[in-house]
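Presented below, as structure tokens, is a lone chain in the form predicted alone.
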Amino acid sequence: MRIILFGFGIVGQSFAKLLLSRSDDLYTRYGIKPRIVSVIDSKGYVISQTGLDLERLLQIKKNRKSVYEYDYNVTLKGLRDELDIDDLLSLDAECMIDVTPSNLKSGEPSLSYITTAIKHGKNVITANKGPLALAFPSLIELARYNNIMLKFSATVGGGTPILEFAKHCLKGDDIRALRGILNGTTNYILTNMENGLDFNDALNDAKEKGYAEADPSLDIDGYDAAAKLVILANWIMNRKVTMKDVEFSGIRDIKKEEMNKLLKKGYTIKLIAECNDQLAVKPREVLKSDPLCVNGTLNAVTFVSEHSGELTIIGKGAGGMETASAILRDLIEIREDLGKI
């Protein structure tokens, strides 16, 4: 199975490492031999229709900082500003994987990558929340019109199969509402505040641990959780919504004193995303005994269904290898579906 990979940061490199470590297992269990035929990073791109040597690719990226420096068994390579997306996506490949950074304002350039790939008949796997948060209904419609598969397990929950759990394990039931912790960075900060730190110290610790970016606004102001809520609402509850339909706020104004008062009453504060009559992401008081009251960088989502009642799934919400595992899960599903045609 031939793959065009957009993005070669932590997640892209983790995906390459995962393919290397599981190559024999993937063929034995699923009859799949993934072959990456092109990779693009922030500085350039490389193409080899016979398949790139992943060990060499990883080494080049580590030592020379760009896949553009790869120069073995290559039919074409170039700088990023020379890139023609149409030409690249015209390559002979079954799947385009997008692991570029999320842009929640315009969705670009990922939105253009995905739409172009679909128009070229490529199945798409994305870990990028931006396009789905801003244009989910139209992207799904475009994919169906072109008869291709658009997969996005990695956009919500990282390696934890939150979307699959609700879509497949609760098939036949009617999910009436959902609520959950969708952002591991804010959950880590709030956990530190439970342990006595004020907001700024907790945020700085998250930065030092690598859980928060230098500019953490997407996490702590609620944008990331809102984007994930949009994806859940559309995919699981058949809404037709985008980011503008979500009322959201973040955790900047939470005080240590407020947290301490609630802890004495058996409560804490979590950034909760909810989909019922409305879509909202806000700091909420949560009982310490609530299944959603998880610590650290964990995510947790409770689905409220008509017959099964409340069911909660908990797991790691981020991490390079965790996200890569979700991408691989989607790739296996695409391979299985192609085998049915």
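Note that residue numbering follows the sequence shown and begins at 1. All values reported here derive from a predicted model rather than from experimental measurement.
FYI, the form predicted together with another copy of the chain isn't displayed, but the following is about it.
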Q: Could you confirm whether residue 173 comes within 4.5 Å of another copy of the chain in the predicted bound form, counting heavy atoms only?
A: yes
Q.
If we define contact as a non-hydrogen atom of the residue within 4.5 angstroms of the partner, is residue 13 a contact of another copy of the chain in the predicted bound form?
A. no
Q: Flag residue 295 as yes or no: does it have a non-hydrogen atom within 4.5 angstroms of any non-hydrogen atom of another copy of the chain in the predicted bound form?
A: yes
Q. Given that the partner is absent here, does residue 285 sit within 4.5 Å of another copy of the chain in the predicted bound form, heavy atoms only?
A. no
Q.
The chain here is shown without another copy of the chain. Which stretch in 310-318, 268-276, 41-49, 54-62 comes within 4.5 angstroms of it in the predicted bound form, by heavy atom distance?
A. 310-318
Q) Each of 108, 216 and 249 near another copy of the chain in the predicted bound form, meaning some heavy atom within 4.5 Å? A) no
Q) Of 201, 245, 258, 164, which one comes within 4.5 Å of another copy of the chain in the predicted bound form, counting heavy atoms only? A) 164
Q.
Do any residues of 43-67 have a non-hydrogen atom within 4.5 angstroms of another copy of the chain in the predicted bound form? If so, which ones, in sequence order?
A. none
